[in-house]
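Read the single chain below, which is given as structure tokens and is the form predicted alone.
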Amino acid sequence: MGSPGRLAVLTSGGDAPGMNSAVWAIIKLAATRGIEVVGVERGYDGLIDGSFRDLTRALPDSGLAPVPGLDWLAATGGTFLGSSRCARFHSVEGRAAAGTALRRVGVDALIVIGGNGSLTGAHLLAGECEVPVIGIPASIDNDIGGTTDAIGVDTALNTIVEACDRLSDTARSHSRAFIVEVMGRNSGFLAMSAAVAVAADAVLLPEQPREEGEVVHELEMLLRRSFSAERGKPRVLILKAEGVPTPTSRLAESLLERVDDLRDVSIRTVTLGHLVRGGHPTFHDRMIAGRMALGAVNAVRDGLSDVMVSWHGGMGRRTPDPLVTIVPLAEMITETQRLRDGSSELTAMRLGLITQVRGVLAL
């Protein structure tokens, strides 16, 4: 294709801090290259319905600029374009309607910002529609194959760390144990990374499946050692990934029954939930959003399709930015499956590291 004249951008799936930063960077970068940008509202649902809004405008001197009133985007969480999980897009008919909507408004390329489900949808659309499609990974879960980092992960981790630090303050005042459940779906990355950062005493991960009775027994022994007269710890902090099947409340109840002989020791549970999704994006998330946006706009300019930009992923084609590569979406899908089933080298490396510090965490 020649130089694109009009570019569409959408955000899809779960929101992640930094999505707005990426959209803002795309708007500005495209405008300097003479490319109009339209936003798709409500993700793939809005794409099927043809819900577009102009994000650039023509200047009197023949250049392009962002439409007024968007200067706040880079500093805010969530996604101002809106998002959705679109069942209609799972069908060939739904994706055909999306392709028709793109052609109707003269879009020459589409950038999709989202997680592995959204990028899988981008792969399907790219194979069925003549409009080129580029993906940008954005998910707090950090479960997207082919990229070491995704937009939103760093902000989510900082939110978890701050919350755990606050809980530790009150736990130390009352000899309490806290079991803190964090988001991540089937990935334990957030729990694993935060556990080290906050000096947690234990972390429960879906990548290390164990029988519920074994987990309860191990945590009971941890509580007894930690609150013993010899050790005298003022608090115990246990992080649990939401992908671990045992409900957090049941885990706490089982532990309470087993340690009811420990005087002045209580157990509390906190589920951080969607709190972790919100907040102003950190420097790191704003930075990778901008650099991956640059890679995506350049990929559009170069006529690429059915690819995503990757951050420090160790695979794919190089770009002028040494930390940004171009990875085929088909390879992303394959590597994501390997992350899920545990056959990925990255998963093995992460679990190996957390195993090495397992005893350290409990000290």
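Note that residue numbering follows the sequence shown and begins at 1. Please read all numbers here as calculations on a predicted model, not as lab measurements.
There is another form of the same protein, the form predicted in complex with a small molecule; it is not shown, and what comes next is about it.
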Can you check whether Asp141 is within 4.5 Å of the small molecule in the model of the complex, heavy atom basis? yes
Just to confirm, Leu102 within 4.5 Å of the small molecule in the model of the complex by heavy atoms? no
Tell me, yes or no, whether Gly188 is in contact with the small molecule in the model of the complex, where a contact means a heavy atom of each within 4.5 Å. no
Find out whether any non-hydrogen atom of Leu251 is located within 4.5 angstroms of the small molecule in the model of the complex, and reply yes or no. no
So which of Leu219, Leu125, Met183, Ile179 gets a non-hydrogen atom within 4.5 Å of the small molecule in the model of the complex? Met183
Assert contact residue (the small molecule, in the model of the complex, non-hydrogen atom within 4.5 Å, options His274, His90, Arg172, Arg231) equals His274
Check for me: heavy atom within 4.5 Å of the small molecule in the model of the complex, for each of Pro17, Asp149 and His312, yes or no. no
When the small molecule is placed as it is in the model of the complex, which of 274-282, 128-136, 70-78, 289-297 ends up with heavy atoms within 4.5 Å of it? 274-282
